[in-house]
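Consider the single chain below, provided in C-alpha cells and representing the form predicted on its own.
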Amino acid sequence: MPVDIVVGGQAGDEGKGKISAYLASKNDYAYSIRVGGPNAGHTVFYKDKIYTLKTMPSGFVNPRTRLVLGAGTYIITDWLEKEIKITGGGDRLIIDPNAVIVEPRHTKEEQGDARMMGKIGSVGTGLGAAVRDRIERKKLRFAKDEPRLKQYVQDVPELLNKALAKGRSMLLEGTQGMKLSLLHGEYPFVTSRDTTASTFMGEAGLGPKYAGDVYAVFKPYVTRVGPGPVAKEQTDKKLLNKYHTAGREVGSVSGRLRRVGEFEMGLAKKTVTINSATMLAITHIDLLDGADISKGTRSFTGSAKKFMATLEVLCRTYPNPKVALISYGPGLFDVLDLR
C-alpha cells in the first residue's frame, strides 16, 4: 500500500489538520505520521471539541490508527504531553528515537532574537534554534534521551517499512506550506526547513517509491501571520473581520491575526509541480458567496463558481490533479468528497 501525503499549497494555515483528520477517518489508515515542529498548529473540530495540535498527528480521530512522529519531528515535551492527554492517543503513539527535543534554551534564544521575531516573523517556539543546532552538530537532546517519552520510542523507519511490506496503509501529514519552504519559498520569509512532500517522506524514514496520492491543500485566498509577500492584501476592515471571525483566521500557535490576500495561481501551480500533487483539497469555500453546500447542492454560484473555474486551470498543471475534497465548514465531516 502507498503512503498518502498532505501538503500545504500556500503559507500554511490552509486546513491540513482538518483534511488529514477527515482522510484518516474515511480511509482508515493503519498509521498516521507527522513531521515538523511545534511552530505549526493543526486544528481539528471533532465531537464538539476543538483540538489545536502542535505535534500529535490529526489522525488521532480514528481509534484504529497508530500515531507516529518521525525523525524530522521537533518536540516540546510539555506540549506533547498535554496533547497526549487531551486526545487520548498515548497508547497508539510511536516516536522515532532521533526526533529532536526543543529545549527551553532554544525557545529563549529565538524569542530574544529581534531580527527573527521582527523581520522574519518567527512565532518563537525555538524550532529554528533547534534546527540550527542539529545542522551545526551541537549537543542536542533527542526523544531517546527524554525519560518522559521513553515508553513511546521505537525504530520508526524499521516499523513503517515492515508495515508497508505487509500492505498497511499510511497517511503522512506535512506542516506549513509552499511559501514557507526553506528551499522553494519566499526567502528570507520562510521557515527553517523544507515543506514539500519529498522532504516529508525523508523525515519520516520512507523512500520515494512508496508515495501514493499527494493532497495539496488550498484556501480560495492566501493568509500568512508574519511578514512577507501577500498578493493584493486585503485592507477592508469589514471583510477582514469576516475572515478573522467566521473564518477563524488567527494563528493557532502565534495568536496573531492573519493577513489575507487573493488566491495566487503561480504559487498554486508551483505547489502542484514540486509536490507531484494528484489531489486538490479546498477548505473555507463557505467564506465565498454561492457555496451553500450544507443544503445538499453541488452546484456553485457567484464567487464560489468563479473560484471553481480557477481550479480547472490548476488541474491542467502536470501531473493534472483532480479536485478531490471541498471543505464547507469547520466540522470534521463538513466535506464534499468528489473522489
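As the structure is a prediction and not an experimental result, all values here were calculated from the model. One-based numbering along the sequence shown.
Note that the form predicted in complex with a small molecule isn't included here; everything after this is about it.
(message) The chain here is shown without the small molecule. Which stretch in 74-82, 93-101, 154-162, 174-182 comes within 4.5 angstroms of it in the predicted bound form, by heavy atom distance?
(response) Selected stretch: 174-182.
(request) Quick one: from Gly247, Gly212, Gly202, Gly121, grab the residue that has a heavy atom within 4.5 Å of the small molecule in the predicted bound form. (result) Flagged contact: Gly121.
(message) Going by heavy atom distances of 4.5 angstroms or less, which of Val190, Ala197, Val260, Leu206 would be at the interface with the small molecule in the predicted bound form?
(response) Checked against the cut-off, the match is Val190.
(message) So in the predicted bound form, is the small molecule close enough to Ala40 to count as touching (4.5 Å, heavy atoms)?
(response) So Ala40 counts as contacting the small molecule.
(request) Tell me, yes or no, whether Arg256 is in contact with the small molecule in the predicted bound form, where a contact means a heavy atom of each within 4.5 Å. (result) Arg256 belongs to the contact set for the small molecule.
(message) So in the predicted bound form, is the small molecule close enough to Ala21 to count as touching (4.5 Å, heavy atoms)?
(response) Taking the distances in the predicted bound form, the answer for Ala21 is no, it never comes within 4.5 Å of the small molecule.
(message) Just checking whether Val225 would be counted as a contact of the small molecule in the predicted bound form - the rule being heavy atoms within 4.5 angstroms.
(response) Although the small molecule is absent here, Val225 would touch it in the predicted bound form, with heavy atoms inside 4.5 Å.
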